[in-house]
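Encoded as structure tokens, the following chain is the form predicted on its own, with no partner shown.
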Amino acid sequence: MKRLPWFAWSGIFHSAWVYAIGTPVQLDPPLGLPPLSIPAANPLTREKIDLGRRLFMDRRLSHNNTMSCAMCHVPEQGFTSHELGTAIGMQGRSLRRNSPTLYNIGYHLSLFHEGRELHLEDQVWGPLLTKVEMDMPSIGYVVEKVRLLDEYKGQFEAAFGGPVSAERIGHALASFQRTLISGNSRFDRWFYGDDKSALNLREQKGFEIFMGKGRCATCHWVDEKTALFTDHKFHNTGLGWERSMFPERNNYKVQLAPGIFVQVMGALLKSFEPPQADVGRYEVTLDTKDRWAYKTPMLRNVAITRPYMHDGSLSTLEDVVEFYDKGGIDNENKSPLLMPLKLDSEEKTALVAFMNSLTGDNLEALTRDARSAPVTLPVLSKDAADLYMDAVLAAP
């Protein structure tokens, strides 16, 4: 093993020494994307990627062995969830926010809609420990449960040179997620690759509107050589404000049967659980100016990662364009960048056509790769809590 220079990493877990173990992997960015920064404390290897993929698809990482990361970030649905505005979590509970796509997640400077995490290595512990998501009782419980699963025997040793730990679980999952890179869209080939036939005239007109009259590029940045289509900042559009202050105004998508949905006004909808409070970025900064501000999403693959906005309240790209054409929803903290656009119907159609050109060329390959994870049984041979207690009592 080759010992690398010491690196202090500012996540909740860090190692004083990093050892080069396994087969190094180099991620070459596709056309339109910059090189991906890999933390020195978590060099990318084939063994960690394979381990992270298995963990990502394993339902036993939830308390009752029913929920995996892939249940809310479905590979076939753009690593998000199309069925509802907010995904369904533990025991059928609705989550309070839309499941963001994981395409190009390694480029994000902050994670979750309000940016509460800064490192992909730490991100997983939010869903794992949240009651309505995967409901694990504690970090130690997760570590012990994974340690006792036969399928992971020797896997952490091969990837890290040591046994299961909280840090290594996060590092493995982060390594897999960093491979979900998608670029080389038709837009990239037209704008960065000088292929003049890659976009039709309507799509080209849509890009002109995106950069100009539509004011989209004010927040969804396009650079000279690459485009992440985000400013990495947080903005109040009014949607979060209205949902919090006037829930009776909102339309909710209610499933009556598989594949059958209706829109129900909030004033008519009765629920056993009240909607969860959500004030956006304010939850992180405690600055009143950040109330109901949410992170600017990347727009790559936006055509296949519906529904949209932090709460999944807009079902189509046409709905999104209409919302911004009206200038959002007025409130005291609404971003000053939002204003009525006065787009005509053809301009709106062209703008949507342009956004449809942002789909990467490798999505089927990424889905196949995710589904190549070994299939494991959804339940343990013995109750997880009993296994955990047996292990604790047997420890020296």
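Just so it is clear, the model here is predicted, and its values are computed rather than measured. In case it trips you up, residue 1 is the first one in the sequence shown, and so on.
Keep in mind that the form predicted together with heme C (HEC) is not shown, yet the notes after this line are about it.
- Message: Counting heavy atoms only and using a 4.5 Å cut-off, do L111, M134 and H220 all touch heme C (HEC) in the predicted complex?
- Response: Yes, the whole trio is in contact, each within 4.5 Å by some heavy atom.
- Item | heme C (HEC) in the predicted complex: contacting segment from 80-88, 181-189, 160-168, 144-152, heavy atom within 4.5 Å | It is 80-88 that comes within 4.5 Å of the partner.
- F207 within 4.5 Å of heme C (HEC) in the predicted complex, heavy atoms: Answer no; every heavy atom of F207 is more than 4.5 Å from heme C (HEC) in the predicted complex.
- Item | 4.5 Å heavy atom contact, G214 to heme C (HEC) in the predicted complex | Contact with heme C (HEC), yes.
- Query: Within a 4.5 Å heavy atom cut-off, is L51 in contact with heme C (HEC) in the predicted complex?
  - Reply: Result no; L51 lies far from heme C (HEC) in the predicted complex.
- Given that the partner is absent here, does P100 sit within 4.5 Å of heme C (HEC) in the predicted complex, heavy atoms only? Output for P100 is yes: heavy atoms within 4.5 Å of heme C (HEC).
- Just one of V284, A198, V320, V279 has a heavy atom within 4.5 angstroms of heme C (HEC) in the predicted complex, so which one? Flagged contact: V320.
- Message: Quick check on this chain: which one of A353, L338, L44, L366 has a heavy atom within 4.5 Å of heme C (HEC) in the predicted complex?
- Response: Of A353, L338, L44, L366, the residue with a heavy atom within 4.5 Å of heme C (HEC) in the predicted complex is L338.
- Message: Within 4.5 Å of heme C (HEC) in the predicted complex, counting any non-hydrogen atom, which residues from 181-201 show up?
- Response: Residues within 4.5 Å: none in this stretch.
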